[in-house]
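What follows is one chain in structure tokens, specifically the form predicted alone.
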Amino acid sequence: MESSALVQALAELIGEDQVSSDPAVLRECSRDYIGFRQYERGDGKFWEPKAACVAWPRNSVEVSSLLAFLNANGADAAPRTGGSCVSLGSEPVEGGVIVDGSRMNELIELNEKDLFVTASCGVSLEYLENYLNNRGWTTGHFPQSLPMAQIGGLVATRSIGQFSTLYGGIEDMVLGLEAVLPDGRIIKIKNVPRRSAGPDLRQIFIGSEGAIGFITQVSLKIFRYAPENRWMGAFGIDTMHKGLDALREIMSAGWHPAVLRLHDPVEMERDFGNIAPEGNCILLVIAEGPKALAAATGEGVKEILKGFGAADLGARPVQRWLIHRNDVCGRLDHFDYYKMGAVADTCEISATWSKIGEIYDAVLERLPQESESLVVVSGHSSHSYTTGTNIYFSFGAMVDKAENARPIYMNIVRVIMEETLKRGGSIAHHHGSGKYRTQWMPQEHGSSYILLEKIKEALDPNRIMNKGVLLKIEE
């Protein structure tokens, strides 16, 4: 179907005020904050969005009508909500329609007896969190994108928050959900604390990145909100490996602080100055919950760190981090990497304790050798488990012209992917795999990759949903 005919048909289907093909609107709704796009957009002409139009459904019935129409006419759908993506996850690859759920912003129910809140996909996490805080509750979900993110995208990308060591990732918080399949069928997964009635069907959609359906409504667990009970402390530690060993000891001992962040020496100096001896890493700890439990957790962690020779730096570095942890959201549209002649970004991976330090070392050793334009690379661990942790790599490299931004960027990512896969780690910890990691997905999943293919084949046989995520595009 021609673009003009597609736009007209959708306008007739859901209303003219809910469909736009204006180039400025398309550019805004196609925006992705991945590093090389940040550079390319500064060029002013190198990158242009591919979508035919944007459609803003107002409810599940309109999403159903949209997807059924697109499916019947073989037109691609690229789901979107808050627009804070950093992995090309919501950017169309070849025409089609951006289905934007941001106008579906109803807070449906707060159930203070059963401890959950239900919201439409376009509800802002910041709004939801403030609403709950005022009533003594919290989602426990605090991603760096909190000021920008919306509920549907958080679930679709399998998001995680900065307090995950206590509350878990979004997959641990979703009680039930509603989604629309590509053929227009609306399905609901009910709210129950647990059930043993076959596979957990919620997980088909959590982390699906819009590849098999559009998440329209989510029920999230809620927790008591008591920030006044927080225990906070920062610690200097000699080396990254010693810090990783300390994280492992804390987790294996059974402590669950809300925040447990280990920043390497580069990040320690950049973000915290000279508060610790030169060459040290910095470990940030926050424990919360009931006052006695928070205090016991903090003191338990502190005692373990004494055994690793950690220097007690007090609470001030943590307090500073709390104040500034989401600042990047307000600066994303103001970074002019093109004028700076640089490309910069992050890339997060995870692995077991026995391999995570090896991956960190290998990446830091290889990148300067294989990226001549590399300026800086660093890493920190921000989400730990009894079995392992993540490394969130940050990097920056010089770029001479827009057409070189992506190759330079992807060469850096390639090294991180290769070293992670070589040691059995996961190539994506919490930003979703997006479209820029898709080429490595067969290696990531190995013999289980066929399950992704079969799910896609069963639920989206015409392959209209977010082409290019999770699965390689068929030639």
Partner chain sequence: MEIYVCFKALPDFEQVFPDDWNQFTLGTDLDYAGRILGSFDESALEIGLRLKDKLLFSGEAARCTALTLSRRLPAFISRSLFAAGFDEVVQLDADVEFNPEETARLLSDFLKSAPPGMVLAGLQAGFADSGAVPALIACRLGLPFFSCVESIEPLDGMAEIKRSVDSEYRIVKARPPFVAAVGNSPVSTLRAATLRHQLSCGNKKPKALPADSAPPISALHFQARDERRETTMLPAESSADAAIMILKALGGFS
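What you see is a predicted model, and the numbers here were worked out from it, not measured in a lab. Numbering follows the first chain given and starts at 1.
Another form exists, predicted together with the partner chain; not displayed. Remarks below refer to it.
The three marked residues, S20, P193 and H334, fail to reach the partner chain in the predicted bound form, with no heavy atom of any inside 4.5 Å. Interface residue among F142, F272, Y392, Y360, judged by heavy atoms within 4.5 Å of the partner chain in the predicted bound form: F272. Among E94, D400, E228, E278, the residue placing a heavy atom within 4.5 Å of the partner chain in the predicted bound form is E278. At the 4.5 Å threshold, heavy atoms of N105 reach the partner chain in the predicted bound form.
Contact check for R320: a heavy atom falls within 4.5 Å of the partner chain in the predicted bound form. Mapping the unseen interface onto this chain, N111 falls outside it, with no heavy atom inside 4.5 Å of the partner chain in the predicted bound form. V377 belongs to the set of residues with a heavy atom inside 4.5 Å of the partner chain in the predicted bound form.
Residues within 4.5 angstroms of the partner chain in the predicted bound form, judged by any non-hydrogen atom, belong to 337-345 and to none of the other stretches in 210-218, 337-345, 173-181, 289-297. In summary, the C-alpha positions of A51 and D336 diverge in the predicted bound form, ending up at least 3 angstroms farther from each other than in this conformation.
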